[in-house]
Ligand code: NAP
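A single chain, nothing else alongside it, follows as structure tokens in the form predicted on its own.
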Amino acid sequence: MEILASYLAGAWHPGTGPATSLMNPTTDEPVATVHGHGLDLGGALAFARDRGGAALGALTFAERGERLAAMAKAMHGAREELIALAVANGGNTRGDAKFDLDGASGTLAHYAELAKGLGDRRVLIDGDAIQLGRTARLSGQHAWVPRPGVAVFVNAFNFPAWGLGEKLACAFLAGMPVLCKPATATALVTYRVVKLWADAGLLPEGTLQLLCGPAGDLLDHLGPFDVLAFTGSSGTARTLRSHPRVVGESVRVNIEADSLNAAVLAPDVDLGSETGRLFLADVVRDMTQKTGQKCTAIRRVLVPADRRADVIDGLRERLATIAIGDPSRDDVRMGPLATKAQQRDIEAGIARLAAATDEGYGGTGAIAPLGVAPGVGCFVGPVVRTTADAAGCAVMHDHEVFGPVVTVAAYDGDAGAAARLVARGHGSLATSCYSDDKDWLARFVPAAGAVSGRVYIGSEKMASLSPGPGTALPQLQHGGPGRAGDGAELGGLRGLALYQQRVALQGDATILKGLA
């Protein structure tokens, strides 16, 4: 059985201490082990700052982009192997594995293309030069330069490839070295990707390190110019934010946490229309893709009161066709949850919703998965709960069930009322709305946008082109306010700002122009 070593200070270290097994959530069998104790994490961070920072600083934006392009190409070349690992360790179907892996390689490739446009520079200019004196001779200029620290990634279990790729693309291009700590339960894909890059010589010394297993004393060694980027639960986010070292050194922190994302159906939409079919397809996709284990997945479905029964019927009809079971089978479209702990949490969340809502589909989520022995694996089927009173059902706005579960709730059709219900989620990564009524959208979008990181507008003319609201695109920011963590990643070149320092330059205009 493979032992996952950590890649620190330019070498692979198997670690010491008790072993933790990584499990196959379909069969309950171990697929790898990790030790992860006895590692010099302070030394690893120092190595990144000293060696990694210098290595990236010696490269221009275009040269960093060439490395990112090579990383994307290497991932694509190992795609079949990585898909097999995602099926075995993550319970992904082939389609879900490709969603994660192609999201990672696609993001790396996108930032490689952006790097071409930045050329041979090492400094990014922010805005135009500003005349400060009686003539333009004395000028000011804002610019972005790499922070002289290390970016520490603490990533979630659900996207072991994309979670690394989306953060790494921005940090690497910005000029900041990285230490990544993936979630242990699904670390096999992350481990293989980093090993693939290291073996191919794509990682300049100290630019990317990997910590497999527990975080240990990692945070105790953070400094004032480091960045801590976390994806996961709001509870863990609070712990990280309040860590004495993080507080004492004013470490820059970026959080992507819980999100009760809402899909809102406007009253002008007929379910048989192009827009209506898009709405139903998006809800079902978000429920079943990655078994609902996406931070951007729809959790609350807000529909006009007179459409609620029809929406439930439409979801029931589509969900009934979803084959659930062993994800290695070609006929299966939804696999297990990632871990037993996730299964227990989701079953408890369904019970909590059931106390305040009615059944729409799926009961408790208990199923007999295809190709799996009874009682084996981490399976929960799609569940639809429903209520006639969206405003009065507090639990649907307060507790995220991180799996294939949605609550369909009735509202009065008013755009303002819908936006206020969206806000009850206390901040979302992605809000989706479905309408071809420009007046309704003009009232809904600004209000919903104020409490959302991204607003997806589903309509007739874009339906055939849509990747769905659950896809985080590198061109657009990924993050959200409030409960969602108040962080932001990606968004084209905006994504580099997390890993850079904006500095105001003041002096002779000719000198400033030369520096820029």
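Numbering starts at 1 and follows the sequence shown. As the structure is a prediction and not an experimental result, all values here were calculated from the model.
The protein also exists as the form predicted in complex with the ligand; that form is not presented, and the subsequent description refers to it.
- The partner is absent here; in the predicted bound form, the one residue of K181, R308, R147, H397 having a heavy atom within 4.5 Å of the ligand is K181.
- Here is the short version: of V193, A418, A257, L173, the single residue with a heavy atom within 4.5 Å of the ligand in the predicted bound form is A257.
- Though the partner is left out of this view, W197 does not reach within 4.5 Å of the ligand in the predicted bound form, counting heavy atoms only.
- Shown alone here, L240 lies within 4.5 Å of the ligand in the predicted bound form, counting heavy atoms only.
- In the predicted bound form, at least one heavy atom of T236 sits within 4.5 Å of the ligand.
- Using a 4.5 Å cutoff between non-hydrogen atoms, A215 counts as a contact of the ligand in the predicted bound form.
- Stretch-level contact analysis of 323-331, 90-98, 279-287, 257-265 against the ligand in the predicted bound form, using heavy atoms and a 4.5 Å limit, identifies 257-265.
- Contact with the ligand in the predicted bound form, defined as a heavy atom within 4.5 Å, is made by none of S6, F47 and H221.
- In the predicted bound form, L429 is the single residue of 419-439 with at least one heavy atom within 4.5 Å of the ligand.
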